[in-house]
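As structure tokens, one chain now follows by itself in the form predicted alone.
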């Protein structure tokens, strides 16, 4: 053994990470997120405080507003179903396949989302009245299909669909991106055609996304105003929906009625969103 003096080694200092409290972090998240929630709640409270039950009942009893409510429910439902019908296959193609020009298709789909709503309505109006030889698309549809589009109820659906479908496509694309493609590939190796694999394997897994797309498309159709005003007009008892009712009531100086109709839209939106989301929870 060595007789060399042993030096006292410094004690090993264990360094511990002191995490501290997470309260400031959650306080920041709550403040930033809660500020927006508070804004929405204050908007609804302001509408409720401005009107009264008498104004609400008076607005509800008007025949033109009742007709607007019925037309709104019908057109929003039709446009939402059409949006999901078109958005599901288009979202599937964009999510599953890579092909030349896909970026261009994706960009075109986003155009209705970023364009001002009035531009969409004006473009629809021009589309149906551009000369096509000796006729126009409006006259062709009216002659061969027996439908009047411009300033009629089909124009309401088309104006809603033109914008809502873009949201449905993007929702379905995200849905299919999140579904593992391996189960679909296994079905194909077992002899299924692409259509069979899509219907039997992919669609059952996409129910949540389909319901979300339907919800978003319906809600977007409910709030559509600009394209409807330009392309379908706001004729009482014909093409008037709730969004244009607010405009008509404001233009005649009936602010209380406009606020009451706004609350009707809020109640309708919350009821439909709540129903569809509860349905989605049951399916899953």
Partner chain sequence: MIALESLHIRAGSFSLSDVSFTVPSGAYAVLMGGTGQGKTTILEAICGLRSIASGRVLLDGVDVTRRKPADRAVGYLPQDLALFPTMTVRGHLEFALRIRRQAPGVIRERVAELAHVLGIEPLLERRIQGLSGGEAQRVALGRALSFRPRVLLLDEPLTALDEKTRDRLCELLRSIQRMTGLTTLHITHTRAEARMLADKLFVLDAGRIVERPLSDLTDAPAAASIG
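The structure displayed is predicted, hence computed values, not measured ones. Residue numbers count along the first chain shown, from 1.
One more form of this protein should be noted, the form predicted in complex with its partner chain, which is absent from this view; the next part is about it.
- In the predicted complex, every residue of the candidate spot (185, 190 and 201) has a heavy atom lying within 4.5 Å of its partner chain.
- Using a 4.5 angstroms threshold between heavy atoms, residue 178 stays clear of its partner chain in the predicted complex.
- The shortest heavy atom separation between residue 205 and its partner chain in the predicted complex is within 4.5 Å.
- Not displayed here, its partner chain is approached by residue 196 to within 4.5 Å at the level of heavy atoms in the predicted complex.
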